[in-house]
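Given as structure tokens, the chain that follows is alone and in the form predicted alone.
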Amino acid sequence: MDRYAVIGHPIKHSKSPLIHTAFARQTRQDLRYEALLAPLDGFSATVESFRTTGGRGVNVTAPFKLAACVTATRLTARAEAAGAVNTLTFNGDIIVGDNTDGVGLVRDLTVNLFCPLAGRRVLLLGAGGAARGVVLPLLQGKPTSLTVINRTVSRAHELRTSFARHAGQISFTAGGYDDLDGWDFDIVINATSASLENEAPPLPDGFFAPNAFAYDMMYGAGDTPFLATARAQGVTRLADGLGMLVEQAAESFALWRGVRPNSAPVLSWLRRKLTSSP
């Protein structure tokens, strides 16, 4: 039986074993998927131990996505652009690093939520690893504009500089929260860690355009603080990141197994499980 795993610290909260086991059952793939807790200073050793004992690939979650870049012996173009890896595939001594987060986000928006990027004004909140992993796929979606906002303004500008060559004719700007005054956006994506701290980003009133879509990469049983803020400002089209989680997993599964699972029923099942948990 082929073996796969997700590696993180902590790892008990991970939904990846549930998702990939459901994908395997659906596609009739014979595999086992487990969760591995790696010491904070032992990511590479954990990967090597799993690989040399027959593992075929791993997903990587916090805080090891940057370390996975170093562990990989080859990076895909999207992983190299993101500077972070969430999927490792083992092929003999070759370890291929990829990043499926951005593809997962865009697929969730455009396929599951019927929210196209083309021609839209997109605001990305945050300039850390989560934001970096999705900038290239967002630009490839051909929005009219992409604006990156961050508390530390210099990091927003650094992120923009890193991806400027991919923007083409797209208006690609960066700044701080104070720069949002007088602007409005069609799609607002929260890639900050504020929701993990039960906080919302310091957003001004009035920057959601009519019929705007608010998306938080974090997920939970109810509204995150960011989504609650958006709802209070009259936004009715909202989504958390559970769909992104399932879609990035589907992309990893397809890379490993050569077959793409149907993510919709797995997402529906996982949502029911999440909302019914005490």
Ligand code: NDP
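All residue numbers refer to positions in the sequence shown, first residue = 1. A quick note: this is a predicted structure, and the numbers were derived from the prediction, not measured.
Below, we turn to the form predicted in complex with this ligand, even though it does not appear here.
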Give a yes or no on whether every one of Val122, Asp186 and Ala214 sits within 4.5 angstroms of this ligand in the model of the complex by heavy atom.
no
Proximity of Ala127 to this ligand in the model of the complex, heavy atoms at 4.5 Å
yes
Contact flag, Glu199 vs this ligand in the model of the complex, heavy atom cut 4.5 Å:
yes
Could you tell me if Asn91 has a non-hydrogen atom within 4.5 Å of this ligand in the model of the complex?
no
Any chance Phe207 has a heavy atom within 4.5 Å of this ligand in the model of the complex?
no
Of the listed stretches (162-170, 188-196, 70-78, 138-146), which one has a non-hydrogen atom within 4.5 Å of this ligand in the model of the complex?
188-196
What residues, if any, in 210-240 have a non-hydrogen atom within 4.5 angstroms of this ligand in the model of the complex?
Met217, Met218, Tyr219
